[in-house]
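Quick heads-up: it's one chain on its own, the form predicted on its own, in structure tokens.
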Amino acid sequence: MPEAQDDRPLGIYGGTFDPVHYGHLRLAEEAVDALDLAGIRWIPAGQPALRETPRVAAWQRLTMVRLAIADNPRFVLDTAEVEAARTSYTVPTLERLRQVDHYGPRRPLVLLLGADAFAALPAWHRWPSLYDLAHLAVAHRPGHPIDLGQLPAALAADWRQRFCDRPAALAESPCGRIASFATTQLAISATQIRALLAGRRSARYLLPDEVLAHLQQHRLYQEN
């Protein structure tokens, strides 16, 4: 992805990816088009702060993301969180990306979130600082926009203050706004895939063939 030649907003997509699957990939692909992004920077977490310890090693999850996005020129892999071998927090990750040897203070960055993750933001480390570092883009089901009545009061207030309904507005400032976009709902979950593999059942067509081959070769998620 030719990041150096493109100053459009850049999507930031972090997660455990345990394992990465077509639901992750489709969300990222649709975010690029819906929000007019230059592309997506995928950032697998080394050790997620708010989730249980992943079932496989961080380097295996990193390898699977690398395999999954290899043929998409709009996607790029960030390996720093895995290489740091520490608990991953989103605010410090964005602070790293804001350094001058990455994107600096002026490039618009757009943090991609599912609706459930957005609703849980008050539990995140230093979560109000997110607005000082990136825009937030919240994915929702087609025809089912975010229901402010289901959000914590602080988040609902932020939404009313910061929401923009024009993707072009994300390019007008480096951070601080909230946007939303509809994404195709694929009934796929990493939990489901892990259960299938543990039971020696097929997970084909739920994730890329290259990722499935890696899982099978290394017998990942299989019960002993």
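None of these values were measured; they are calculated from a predicted model. Start at 1 with the first residue shown and count on from there.
There is another form of the same protein, the form predicted together with adenosine-5'-triphosphate (ATP); it is not shown, and what comes next is about it.
| query | Quick one: does Arg55 come within 4.5 Å of adenosine-5'-triphosphate (ATP) in the model of the complex, counting heavy atoms only? | reply | The answer is no: Arg55 has no heavy atom within 4.5 Å of adenosine-5'-triphosphate (ATP).
| said: Under a 4.5 Å heavy atom criterion, is Arg66 part of the interface with adenosine-5'-triphosphate (ATP) in the model of the complex? | reply: No, Arg66 is distant from the partner.
| query | Do Leu186 and adenosine-5'-triphosphate (ATP) come within 4.5 Å of each other in the model of the complex, heavy atoms counted? | reply | Contact check for Leu186: yes, within 4.5 Å of adenosine-5'-triphosphate (ATP) in the model of the complex.
| field | adenosine-5'-triphosphate (ATP) contact at Pro92 in the model of the complex, heavy atom, 4.5 Å | value | No - in the model of the complex, heavy atoms of Pro92 and adenosine-5'-triphosphate (ATP) never come within 4.5 Å of each other.
| Selected contact from Arg141, Arg106, Arg86, His125, since only one has a non-hydrogen atom within 4.5 angstroms of adenosine-5'-triphosphate (ATP) in the model of the complex | Partner contact (heavy atom, 4.5 Å) among the options: Arg141.
| field | Heavy atom distance at most 4.5 Å to adenosine-5'-triphosphate (ATP) in the model of the complex, all of Leu10, Arg96 and Pro174 | value | The answer is no: none of the three residues contacts the partner (heavy atom, 4.5 Å cut-off).
| message | Within 4.5 Å, heavy atoms only, one stretch in 70-78, 96-104, 148-156, 110-118 touches adenosine-5'-triphosphate (ATP) in the model of the complex. Which? | response | Contact criterion met by 110-118 only.
| said: For the stretch 9-24, I need every residue with any heavy atom inside 4.5 Å of adenosine-5'-triphosphate (ATP) in the model of the complex, listed N to C. | reply: The stretch touches the partner through Tyr13, Gly14, Gly15, Thr16, Phe17, His21, Gly23, His24.
| field | Cα distance between Ile43 and Arg141, which in the model of the complex differs by 3 Å or more from this form, closer or farther | value | Compared with the shown chain, Ile43-Arg141 is closer in the model of the complex.
| Pair Pro142/Tyr22, Cα separation in the model of the complex versus the displayed form, closer or farther by 3 angstroms or more | Pair moves closer in the model of the complex.
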